[in-house]
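The chain below stands alone and is given as structure tokens, in the form predicted alone.
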């Protein structure tokens, strides 16, 4: 079956690919390369089982952002029980960037090991010679092992010299949500040797070609921003902590007007919450929180800014060939039937001190020219 061509975005409705099948690319990101957009996301299956990875990362391509061709599975899970990406592991929020020096495409994703819940908190890295793949899994790790962040305090470093405190902390488990215990504990020092936790994540490539990894870390309490190595295959050891004990996840970042803008969310699992936004003059910060960027109400579920239309941020997409045009990508998760998750794409507006995402029932790219 061939899907009829689309000429607009219709948020949260079924979005058919070229075969007429709902696009299966959740928690994703978009790469523009060679005149085409490539959308990568988690391939879900039906039911609650779909929250784990049974297939891998799906890829689609488009020239107009409305109509998407199924490019197949870019990164497949493994049937080898010894593989980090064995079937039924957790692969979330895949992002792909291009490395000009090698001509290769580099995929990063949040990885949890099969049967371990969300305790592993690792990143996975895979590479391909073509944008849609197939990608070859290279390794997984926790970032920045053996390095302190640029803004670590003397007290945070000193905690490493207390073996009893480190051993006690190793026995504690946290649920990933906002709680009063984590800020009182030396989590940064606990993870110094083995690498820092890395959950919800994104990648960003700056104008100078430097690439960065942003993720929820320290039991989700604090966001880490790390520069990647020049080959984009690992972190470099330089990183900062931002939004300390503010419980940000689902980061999405872009650059506009010479400044860095971020949309993120609170830590409430699959349940929606008020989106957050922030701005900085440097990727390293300081970052200034700006409040909730969402405006309006999703008429399909009656949810407005207090629950971000029912969605959660995943990516800020620059529209090629249009000045100052960005699209905010959100996922409307349906964890009881993961394959039915919906894609919520909305236009972004900037003012000198705010980033805004306003609900629209239907819209197209003419909005950036003021035609809608």
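Note that the coordinates shown come from a computational prediction; the quantities given were computed from them, not determined experimentally. Positions refer to the first chain, counted from 1.
The same protein has a further form, the form predicted in complex with a small molecule, not shown here; the description that follows concerns it.
Enquirer: So if I measure heavy atom distances to the small molecule in the predicted complex, which of the stretches 123 to 131, 279 to 287, 90 to 98, 70 to 78 falls within 4.5 Å?
Expert: Residues of 90 to 98 come within 4.5 Å of the partner.
Enquirer: Let me test this: is every residue among 118, 249 and 269 within 4.5 Å of the small molecule in the predicted complex, going by heavy atom positions?
Expert: Checked in the predicted complex: all three residues contact the small molecule.
Enquirer: Report whether the minimum heavy atom distance between residue 218 and the small molecule in the predicted complex is within 4.5 Å.
Expert: Looking in the predicted complex, residue contacts with the small molecule do not include residue 218, since no heavy atom lies within 4.5 Å.
Enquirer: Within 4.5 Å, heavy atoms only: does residue 308 come near the small molecule in the predicted complex?
Expert: Flag for residue 308 set to no.
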